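One chain comes next, on its own, written as structure tokens: the form predicted alone.
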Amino acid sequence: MDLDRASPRPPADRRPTRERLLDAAEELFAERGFAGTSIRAVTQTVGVSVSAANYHFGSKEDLLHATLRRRAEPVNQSRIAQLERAEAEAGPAGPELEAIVDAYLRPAFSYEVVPPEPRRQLLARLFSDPPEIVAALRRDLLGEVTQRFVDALERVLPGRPRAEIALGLEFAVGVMVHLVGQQHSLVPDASDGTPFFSSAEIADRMIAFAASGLRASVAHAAD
């Protein structure tokens, strides 16, 4: 019996090596974290040599940075685009607090911006992996866009200390990371296994919760 004829092999992945390495690294970093992922494990998944990974990225740290940047940049672009739309629609009065919070948080829940797992868990690693590994990456990948949002929040929360506003946004990000990382285990599914809330519904409730919390947090600081 001709086994090749009976069970044809899938075509070889002919995409560029760099892209295949990023895909493999994305899955492994999301599953195992930085410490639990080796360059050799990534290259074995792709079927190339360690020297090929070193050629494209230089080090495991550089590979992690490139992997995270590939997913973080579309989120940041979507955030800024949504914020600019909200500002344009609001006119001189500026957007409401909820619109600003929505622009920052919702893109992480959009399948068009962040495809399903493991991409979402990968972004959550920016906040769950040890600070000595990811703190500098967070600043590089999220610092500029986050400051843009703190600027916008300052305009709708006049007189509030910038540090308090930034801390309130940090609280909101913590909720987002918890949900993006699929850690919401306190809300059970229906008896047939169907989730009670869709991803969009969870995002709606999270944004309302975060906006109320941000408003209350800075009000408490003012008091």
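What you are looking at is a predicted structure, and each value in this text was computed from that prediction instead of being measured. Numbers for residues come from their place in the sequence shown, where the first is 1. The term rigid core refers to the maximal set of C-alpha atoms that superpose within 1.5 Å between the two forms.
There is also a form predicted together with the DNA; it is not shown, and the following applies to it.
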query	finding
The DNA contact at residue 54 in the model of the complex, heavy atom, 4.5 Å	yes
Contact flag, residue 50 vs the DNA in the model of the complex, heavy atom cut 4.5 Å	yes
4.5 Å heavy atom contact, residue 33 to the DNA in the model of the complex	no
Residue 58: touches the DNA in the model of the complex, heavy atom cutoff 4.5 angstroms	yes
Which of 156-164, 194-202, 36-44, 170-178 sits within 4.5 Å of the DNA in the model of the complex, heavy atom basis	36-44
Core-superposed C-alpha of residue 53 shifting 2 Å or more between this form and the one not shown	yes
Threshold 2 Å Cα movement between this form and the one not shown for residue 39, core superposed	yes
